[in-house]
Each structure stands twice: as C-alpha cells, then as structure tokens.
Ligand SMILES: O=P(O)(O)OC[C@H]1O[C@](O)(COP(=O)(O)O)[C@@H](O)[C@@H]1O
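To begin, one chain is listed below as structure tokens, in the form predicted alone.
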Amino acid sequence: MATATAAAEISDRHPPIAVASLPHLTDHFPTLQSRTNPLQNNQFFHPIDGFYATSTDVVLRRIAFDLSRKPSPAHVAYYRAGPRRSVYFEPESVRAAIVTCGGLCPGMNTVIRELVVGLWELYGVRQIHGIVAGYRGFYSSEPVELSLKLVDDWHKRGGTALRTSRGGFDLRRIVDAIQDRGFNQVYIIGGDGTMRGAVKIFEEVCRRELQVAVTGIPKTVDNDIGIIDRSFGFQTAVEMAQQAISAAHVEAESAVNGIGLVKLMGRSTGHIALHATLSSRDVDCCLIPEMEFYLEGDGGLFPFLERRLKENGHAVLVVAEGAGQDTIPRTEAQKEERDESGNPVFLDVGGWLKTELKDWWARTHPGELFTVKYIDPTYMIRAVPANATDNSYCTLLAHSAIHGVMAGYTGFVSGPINGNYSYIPLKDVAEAKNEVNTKDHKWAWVRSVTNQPDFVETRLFDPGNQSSSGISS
C-alpha cells in the first residue's frame, strides 16, 4: 500500500509523456511491406543492441522544470531520429529529389552533399536528382542527376550548387512534377516560408494518395525556426560577424568621435546580433527586432552614445536588419511592398541610422568632428562555406532525414532538441517561432556587457497622492 501511495504521488508530480504523432506511409498504404534495413549488411556498420532507434525512443521538448510549480498536463516528446530496424523502400526503386529554396546560408552545399552520400553509401540508392532554382525548378527545368563524384567537394563551397530562388511556389505544378517524374522521396531545404510550402506539398501528396515521403531540413541563418536547438549555418554566421564587428571597432577607435555601425542578419529575430555581441565584447549597443528603441530623449539611443563617446572616444553599434522597422518613416506604397516570397520588404535600418546619427550630431555639436563607418556584411556572411561545427551538424541533419524517410516516415523535419536528434512534424516546425526573449538571462547578459538602456519607459506610482511620474529606464 505504501508503495502504491508513493507511486501515485510520483504520478501526480510527474505528468505522462505525450508523443507528437508522426505521419507514416502506412497511414495511407496499410499493406505496405517492410524489409530489413540494408545497414544490417553494410560493411561499414556493425549493428549491436541499441543501434536502431525504436518506437519507444523519444526526446522531451523541455528538460528543465520548476518542481514547485504545477506541472503541465503532459510532457511533449518527439520520436528520436536514427536508423530503424525495418525500412519501407527498396533502394533500387527510390527516386529522390533534393531542392534548396530561399536565401543563401552557410552549409547548404554540405547538406546536399551528405544527402547524396548518405543515400548512396548507406542505403545503395542510385537515382538522386537535384531540383534547380528552388520550388519553381520542379516545373520549369530539368532535374540534375547527382552522384558521389559530382558532389565530392561541394562542402567546401559557399552558396548552393543547385541554385536557389524565392517564390515560384505553384502547388499543383510542383506536385504534378513530383508525380510525373516518379519521385518518391523529396528532401526540401529551406527556411520557415519554405517549410510552410513543404507542409502544403505533403498535404497535397496525401490528398492524391501518392506513395511519396516528404521531409524538410530547416535552413535559416537567422536561427528563427522554433522547437529545434538551432538552424544550420547559424554558428558560422556568428563567427563571421565577429570580423565585421572587429573592423567596425578599429574604424571607430581610429577616429575622433567615431562610431562603428554594423548591420547583421535577423529579419524577425536578433539571435545573430545577440550572440555576436556576447562573443565580441567590443559592442556598446545591440538593437534587435524583439526590442523597440527610440533615438532622442532621456534613456534614448543618442544620449547613451554621447556618453560613450565622452567616456571612450568611440562606440560600436550593432543592429539586426529587422530592428526599428516600425520607427523608420516610409510611404504607403513602401508599407504594402512585398518580396517574391510574400515577406514585407524591409528598409535599410543601417543606412537610416547612419543618416540620423549624422543629423543629430550636426544639430547638437556643430563644428565638432564626428565619423560614422557603416558596415553591412550580410551577403558576405551568407555566402561563405560552413565552419567545422556547422559541417558536422549538416551531416547529422542529412543522415537523420534519410533514416527517417527510409523508415517510412513522412511530413517531418529532423533536428536536435536538447542535443538529441529528433523527428518533428512539419506543421509544428512551420508554425513555431524562435524569438529572443528579452526578459530572460541571455538578454540580461547582453545589457550587462554593453550597459545599454532598455528603452522601456516605466511609471513610478505613488499610492499616497494617486499620481504617477514618467521615468525612463
């Protein structure tokens, strides 16, 4: 009885685990036969107990909990990535398609290469095709046959050898092409917009009852895709951003009242700017999309920079490309403008800040020397090859995706959760966002490094006289 009571108490304190449902080909093709995984006889592998992942191997989405708080109804978990004992594809019958969409990102060529190498060497697949120039390439150009020899050195190159584009998403024509060309495995590499397109492709494939597995490999240099620990290329981008910040610092300290202004990637999230600031320690102020800021007045950017110039003679300002977009004046036409992917067109916050800084100084310090050096390394960073860490990461992402597809899973994304590679439903990833939490410890570390204002006006309330006074933090 005591044991039963203790078990009940543990059950109350530790809720059950809810595993996210993962689509499988047998959902629509229940008579589909499985077969032994070719890895069982692969000369490079010696499967032992624990080599194959099972249906009971899961990864918790959250691993840190406050036990003093009431637990959630259930812990959300995802199936662990990795090879399965049984597969649902004959290697000889596989016709794989690989496509890259959206902007460039370090590691894209590595992912393509490792998909080809993994399919070829691990599973004996020989019919592997690259779709040229993004989603529109499915219906506008001939696929490229990919082989080990062709992709051998692609991991050493920046960009994407398959080329890419934005827009061009015509669902009917894309799925028609998949069906007409006999593709039964589709690997889609791209950002959040690309993943939303992948969801639609997966749903249309299911509606047509096509025996096709669809998987996404999330790519975004901004690291704005949710659930997974990080996107590939992000660490390379932070590393390269250091060079731009270092150059801005040298330029700023070599001038009288010099300001080094660096614009980094980050349309909706400021992860690159945040991590580059923490890594550099030369940054005086970091502006990100998740945080509003204002220029003049008590607690504003300009008074803060003026104090820094008086103290140190120079300052370095880092701004994410999506910061301040609601502050920059724009015409009604500019407000409605969209790019090929349907995203709002952002104005150049760096160029705007440079102009505002010069106007402010000329107005408040006429005749005094002042220099703003503006550095925009965006396309230089996007185009470089992946560093060693991202190269290894890309390999694991690609191989995880292959293992999942060969095991019959579809409509999923592979990625690390708390360091463990997992299979996540495409729809969950497409809807999730990874924004900087400006109330957590990491952003507090940024402010402790830069000593910048938080740009938040607070109200000090006095119950005695029922009045309040505005105070800028």
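Because the structure is a prediction, the values reported are computed rather than measured. Numbering starts at 1 and runs along the sequence shown.
Although not depicted, the form predicted together with this ligand is the subject of the following passage.
Worksheet item: Given this ligand in the orientation seen in the predicted complex, superposed onto this form through the C-alphas lining the site, is the binding site open or blocked (3 or more ligand atoms within 2.4 angstroms of backbone or C-beta atoms = blocked)?
Response: Open pocket: the modelled ligand, placed by site superposition, has no clash at the 2.4 Å cut-off.
Worksheet item: Among the candidate residues E321, E251, E204, D282, which is the single one with a non-hydrogen atom no more than 4.5 Å from this ligand in the predicted complex?
Response: Here the answer is residue option E321.
Worksheet item: Among G137, G102, G216, G233, which has any heavy atom within 4.5 Å of this ligand in the predicted complex?
Response: Of the listed residues, the single hit is G102.
Discussion item. I need the one stretch from 305-313, 238-246, 393-401, 375-383 whose residues put non-hydrogen atoms within 4.5 angstroms of this ligand in the predicted complex.
Written reply: Every other range fails; the passing one is 375-383.
Worksheet item: How about E114: is it within 4.5 Å of this ligand in the predicted complex, going by heavy atoms?
Response: No, E114 stays farther than 4.5 Å from this ligand in the predicted complex.
Worksheet item: Looking in the predicted complex, any heavy atom of E290 within 4.5 Å of this ligand?
Response: Output for E290 is no: heavy atoms all beyond 4.5 Å of this ligand.
Worksheet item: Are any of the heavy atoms in V221 no more than 4.5 Å from a heavy atom of this ligand in the predicted complex?
Response: Result yes; V221 sits at the interface with this ligand in the predicted complex.
Worksheet item: Even though this ligand is not shown here, does G260 get within 4.5 Å of it in the predicted complex, heavy atoms only?
Response: Although this ligand is absent here, G260 would stay clear of it in the predicted complex, with no heavy atoms inside 4.5 Å.
Worksheet entry | Residues in 242-276 with any heavy atom within 4.5 Å of this ligand in the predicted complex | Contacting residues: M265, G266, R267.
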